[in-house]
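The chain below stands alone and is given as structure tokens, in the form predicted on its own.
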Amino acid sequence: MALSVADRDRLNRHLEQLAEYRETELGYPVAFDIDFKPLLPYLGYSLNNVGDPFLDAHYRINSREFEREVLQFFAELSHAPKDGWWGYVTNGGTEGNLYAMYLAREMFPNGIVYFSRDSHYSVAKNLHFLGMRNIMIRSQPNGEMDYDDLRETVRIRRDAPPIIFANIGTTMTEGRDDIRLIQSILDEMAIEKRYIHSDAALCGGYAAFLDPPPAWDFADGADSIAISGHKFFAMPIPCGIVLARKRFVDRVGQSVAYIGTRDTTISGSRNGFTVMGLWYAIRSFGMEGMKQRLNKAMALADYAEERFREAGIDAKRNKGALTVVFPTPVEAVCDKWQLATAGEISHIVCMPHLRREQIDALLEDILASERDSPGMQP
């Protein structure tokens, strides 16, 4: 059977539309600078990495060996303890965060989760799924957690183990919570039972390359880390990586006769094709290539922030961030450039594939809209 001419035309039109939309997508942390076409032959197979990636299974049409190499790369990037970590490739950052909170709940059933106001919207949803007690902590203006509020809130409830959900790059401002400082707060209260999760969806892809790097990884005190694969690593399919200390994971695994292996994951059947994409991206660029991609993106963020300020627009940016925040323009500009917007602020995320011409075109549209709006100052 073959598609009709009308259906083929429809697909072609959709591809043309996607190409147009890609040119005006500035607001979301996705990259398009890696060509994955060499992996097309793998679409002829149903790659299913069901169960534990470190164990064999009955179903052999999988990419387990590549998954282990991908996980090893991220374990080294995040200073995971040798022989003391475990992980798997997920279908996105939300699953990674859900898995981490699941581990924390199994370790500390009476624990309380503390997360900041600027945390991703899925955090509250995940905690509802898991039925976990939780308290929202205030945020600082830059999106970072208010540590004084955290200290006082935890102090009042010292009888319950704290489970800290730390943001290593908040959604709107790329604010990063300091895991070392959080550890010191818990230390000063002599709280031994604790769990700290690092939600590094975007920043986990390049945090290790920053100078100095933020306090975000296992060496800084994280017990688990979630990173997205479809952001800095340019995967065309949503996916992610979750890593955790092995002693927490050992509590939740179970053997499954049907698949002939142990399952320690959430989703069971898992996408083996995304594993191949992540492996391809990592092997194509290597550490040095990833650093160069980051340097290119940072240079563009510098350029965007400078151009906006020169134009009289109050652009702001956290140190070492790819996210440039500015007052929300008119709706037509937000819609055209697909700007992420929350209330009075919008942002662009300067990913490696973006060009200065796109920043200039956005800025010109903003300035033109202000000139056309009576009473607005450029």
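Sequential numbering from 1, following the sequence displayed. This one's a predicted model, so the numbers in the text were calculated from it and none came from an experiment.
Although not depicted, the form predicted together with a small molecule is the subject of the following passage.
By the 4.5 Å heavy atom rule, the three marked residues Gly93, Asn97 and Ser228 all count as contacting the small molecule in the model of the complex. In the model of the complex, the small molecule sits beyond 4.5 Å of every heavy atom of Arg194.
In the model of the complex, at least one heavy atom of Gly169 sits within 4.5 Å of the small molecule. Within 4.5 Å of some heavy atom of the small molecule in the model of the complex lies at least one heavy atom of Ala201.
Proximity of His120 to the small molecule in the model of the complex falls within the 4.5 Å heavy atom cutoff.
Residues placing heavy atoms within 4.5 Å of the small molecule in the model of the complex fall in a single listed stretch, namely 228-236, out of 212-220, 228-236, 182-190, 153-161.
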